[in-house]
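Next comes just one chain, in structure tokens: the form predicted alone.
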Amino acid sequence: MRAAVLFLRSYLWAMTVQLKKKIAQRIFNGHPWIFNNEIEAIKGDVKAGDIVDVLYGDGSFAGKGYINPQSQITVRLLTRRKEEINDDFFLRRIQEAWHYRQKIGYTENCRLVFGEADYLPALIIDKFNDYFVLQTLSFGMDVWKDSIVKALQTIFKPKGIYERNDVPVRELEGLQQQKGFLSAQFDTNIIITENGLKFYVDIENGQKTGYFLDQQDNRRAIKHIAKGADVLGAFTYTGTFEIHAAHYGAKSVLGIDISVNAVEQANRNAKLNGLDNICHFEAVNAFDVLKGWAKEGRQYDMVMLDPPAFTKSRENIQKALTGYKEINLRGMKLVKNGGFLVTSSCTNLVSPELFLQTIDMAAKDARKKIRQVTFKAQASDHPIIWGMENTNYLKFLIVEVSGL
């Protein structure tokens, strides 16, 4: 209903945003974000969530998008065409996103909509078989939540839809944090299958949308180096990398995480796959124990590090880099000569180049020689749009480690 009212307002009063004549080239090149300092004038009595026509400085049509005067990103473009933004628009966009995943082979579990990369800025939808979890992270996208749910029901006839809008970024848009059912209620503890393994997913209380789908391809990348290895995994969360290592033939696997609840679920996941005789998980702080374990002389054939984002603010990038360097230095010291370090960063503000430089500095300080095995981004159901840095956020690296 709210979406229909806002559409009618934009239709009747033809609200427009005119850009300055000199704007960032990225807008011409397709980036959907328009900041306040790039706007020359706003015509009409606009309110947060309104659909507006966006014009270049010479008056030519740039696109249509939703506006939020309260947000740092004032306008997010939805289309470069002169088309209506309505229920059918969202149905088409979500159908296009689904067809793309089908073409590249992601059908059972996948990120169905990845925000800007699927031309639906600030919308995240994860598909866990017949269950869907969505996040509407901006005021303008939240307005269309009913339309998005309607589209999912039309295309998939799902068993359940749940919103995980319990994220602080919504408050910057003038929205409340919230979570709950967007369909009939269902058991939010489900089991999914990934790479032939089964994992519990807690849709209601798990991190983000309940499970990290972005590493599903990278977990297969450890297949050969895990065979016969003694493995340590830090920041294990619910044990997905570690259980893959055991499945691929590791001799022993220890996973550590600061969260007691995550460790409990990791042990349950190991048991679910009949790998609890190989995998063991402990609730400890990785920063506290890794340094001590290195001094004790512990050594592993493979050490895996998958820490959370160390910063979401540009002001704290240096602090994040210091954290990445320190944890990777400690990890390398625990790797046997000829063994492997498997390391990741999901901090989108740290570029791939900066991440590799940080690993290189950690190796020098640890007095280790490293040889790159593979360097990847997130799984392909999280597509990368060149020129949109926020879509290229995950760095996944495997290196062989040896002494100098």
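Numbering starts at 1 and runs along the sequence shown. Given the structure is predicted, the values throughout are model-derived calculations rather than measurements.
The form predicted in complex with ligand SAH exists for this protein as well; it is not shown, and the discussion that follows is about that form.
None of Tyr119, Trp293, Phe212, Tyr200 but one reaches within 4.5 angstroms of ligand SAH in the predicted bound form through a heavy atom, and that residue is Phe212. Checked against ligand SAH in the predicted bound form, the candidates Phe128, Phe114, Tyr237, Phe90 yield a single residue with a heavy atom inside 4.5 Å, and that residue is Tyr237. Residues within 4.5 angstroms of ligand SAH in the predicted bound form, judged by any non-hydrogen atom, belong to 301-309 and to none of the other stretches in 269-277, 72-80, 301-309, 156-164. Although ligand SAH is omitted here, in the predicted bound form all of Gln207, Arg219 and Ile258 have a heavy atom within 4.5 Å of it. The closest heavy atom approach of Val149 to ligand SAH in the predicted bound form falls outside 4.5 Å. Proximity of Ala286 to ligand SAH in the predicted bound form falls within the 4.5 Å heavy atom cutoff. Among heavy atoms of Phe132, none comes within 4.5 Å of ligand SAH in the predicted bound form.
In the predicted bound form, Phe241 approaches ligand SAH with a heavy atom inside 4.5 Å.
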